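Here's a solo chain for you in structure tokens, the form predicted on its own.
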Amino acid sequence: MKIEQIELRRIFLPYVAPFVTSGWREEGSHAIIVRMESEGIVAWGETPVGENPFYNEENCKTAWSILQDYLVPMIFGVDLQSPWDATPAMSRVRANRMAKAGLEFTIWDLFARREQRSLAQLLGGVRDRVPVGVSVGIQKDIDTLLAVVEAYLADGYNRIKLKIKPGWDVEPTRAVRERWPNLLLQVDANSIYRLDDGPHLAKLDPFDLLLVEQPLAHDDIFDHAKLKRMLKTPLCLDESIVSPDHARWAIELAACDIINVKPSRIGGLGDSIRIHDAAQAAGMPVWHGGMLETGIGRAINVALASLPNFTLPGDISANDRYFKRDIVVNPFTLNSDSTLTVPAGIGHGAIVDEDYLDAVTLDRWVAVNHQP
């Protein structure tokens, strides 16, 4: 299959409320939306990159440039026999995995549409619903935090993730646990702690958490292996796992108990499946993280989360968790059992609201493939 045309749109889609972590604050989505055409088929994907390079090394400006100057020409230059060919086609460009993922996602959608199958089927999904939770950003005080958590529980979410940082960790977690003793609860540090903080992080052990996520440096595996021995709470790696090799290193070093799989961080669905499979073979569960995607990326995430080793609730909340209005006409809604329904139609299932997409588009770029 030769890709005939690729269109990129850089958007700004405001969040319902600012999202605050230990390292950054975002007012809305700065994603790059990908539209691709081949053989009369139109497919969509998303690069859910942030405004600043604070989660990983990419931001919306760097991804936009790398896509235009390198990745789109590379995809134009290959005859794709399957969606698995996309990642090797872009391998000469090092890192820049979110930029790559936007194209790779779209190619998977294209092949699913070509084969008249759902994306979940093409990926090997086994569920028609996936369990989900909600991620709660750092709040101004504990009373506000408890009110925010209570509202999400009233919405029907039964798993809560708290963002933490030094000075906002033990006491907020204690307050939530004391209010809701049976709540599925976990915390996420976004790489803000050091190994010397291990004894302090161990103070979270009494709260019966599902996991503590990525407390140490974003590119560290070695020190996490040391930290793991200090904690009773299961340790999860997120930012550190950017490839199947990184997952293998973490498994062999016993650096974690759980892996958070974010296909945009990893560079696409193909390598995400490889990580899923490696963790499953090692007896290690995975769960699906989120990058506050629009409805396009959210549909892709839900399809991937239907694979069998995604055994913990994911951060793939219903669309209205983040956006008053999304760029799709068929947003996900939360089921009564705190799940999202896996789309069963052709492709990833997101139906783009092209009029509203036009309204939130900041830049648009179209490339036509003239290669023979």
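Heads up: residue numbers just count along the shown sequence, starting at 1. Remember, it's a predicted structure, so these values are computed and weren't measured experimentally.
Not pictured, yet referred to below: the form predicted together with a small molecule.
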item	value
Within 4.5 Å of the small molecule in the model of the complex, all of Phe12, Ala31 and Phe323 (non-hydrogen atom)	no
Answer range among 329-337, 315-323, 39-47, 302-310 for contact with the small molecule, defined in the model of the complex as heavy atoms within 4.5 Å	315-323
Contacting member of Met291, Val187, Leu123, Leu237, with respect to the small molecule in the model of the complex [4.5 Å, heavy atom]	Met291
Contacting member of Asn96, Thr87, Ser135, Thr233, with respect to the small molecule in the model of the complex [4.5 Å, heavy atom]	Ser135
Asp271, heavy atom within 4.5 angstroms of the small molecule in the model of the complex	no
Contact of Trp24 with the small molecule in the model of the complex (heavy atom, 4.5 Å)	yes
Residue contact check: Glu213 to the small molecule in the model of the complex, 4.5 Å heavy atom	yes
The small molecule contact at His276 in the model of the complex, heavy atom, 4.5 Å	no
